[in-house]
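Below, in structure tokens: the form predicted alone, a single chain.
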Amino acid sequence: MSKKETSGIVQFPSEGGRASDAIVDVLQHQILSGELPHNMPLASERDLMERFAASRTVIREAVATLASRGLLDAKPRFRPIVRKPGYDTALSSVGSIVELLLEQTGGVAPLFQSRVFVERGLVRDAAVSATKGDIADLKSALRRNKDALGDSDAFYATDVAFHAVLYEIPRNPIFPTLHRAYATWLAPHWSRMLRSPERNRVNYSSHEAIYMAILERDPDVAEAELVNHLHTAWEHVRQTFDIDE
């Protein structure tokens, strides 16, 4: 869609489509290019109406679309804040769709299986390439996990944190983002599961076995311990939510 700007007003010829689409295109380009800096408040609604010669409804539609793409943080009664896109933005933009899929019968199984696939590779990589600093981070996470054995809420948080270290080791920004997505998407299911000190001890023992295999630089054992750990976790999920194998 072509556009022209006269006296600061952006005007668009009518070529079909929603009136807000062209406004979205312009603002999205300015955000992606950095012309609208990260964390900068967007122009006021009135200024946008004047600039684009558009109604309040059209401007609000454009803002809602950009917010759904993770490019704006829009809250009632506040000016939207520009959010520079990153990997988190990409995953959060599909988050609501994933959450809907998880509510469908059997929806959680493919997501959990993908997590197993990813973490199998991560523990093998960790056993081969983890630095002394990575090993120290794993050891600290494991210690916090052990200290939380008697507090199931704290144990869950430290359980998530232990796995998060595995996602950090490859030094690839996609993996930590993926871990945060898994933790966010699966949290509603995990929160409905029965937790107990006994189950915490089982999970801690699995974490310890994974850590020892990585420490001993044995990728085969590390993978086997990880698969066993997540298989046991899946059985608990399956029985809790009555999921067929």
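We call the rigid core whatever largest set of C-alpha positions still superposes within 1.5 Å between the two forms. Note that this is a predicted model, so its numbers are computed, not measured. Numbers follow the displayed sequence, beginning with 1.
Although it is not shown, the form predicted in complex with the DNA is what the next lines describe.
Picking from 26-34, 185-193, 59-67, 213-221 the stretch near the DNA in the predicted bound form, with a 4.5 Å limit on heavy atoms, gives 59-67. Not displayed here, the DNA is kept clear of H231 by more than 4.5 Å at the level of heavy atoms in the predicted bound form. Mapping the unseen interface onto this chain, E208 falls outside it, with no heavy atom inside 4.5 Å of the DNA in the predicted bound form. Proximity of R79 to the DNA in the predicted bound form falls within the 4.5 Å heavy atom cutoff.
Residue contact check for A19: one or more of its heavy atoms lie within 4.5 Å of the DNA in the predicted bound form. With contact defined as any non-hydrogen atom lying within 4.5 angstroms of the DNA in the predicted bound form, the contacting residues in 35-63 are A43, S44, E45, R46, A54, S55, R56, T57, V58, R60, E61, given in sequence order.
Once both forms are overlaid on the rigid core, the distance between the two CA positions of A233 between this form and the one not shown is under 2 angstroms.
The rigid-core alignment places the CA of A224 less than 2 Å apart between this form and the one not shown.
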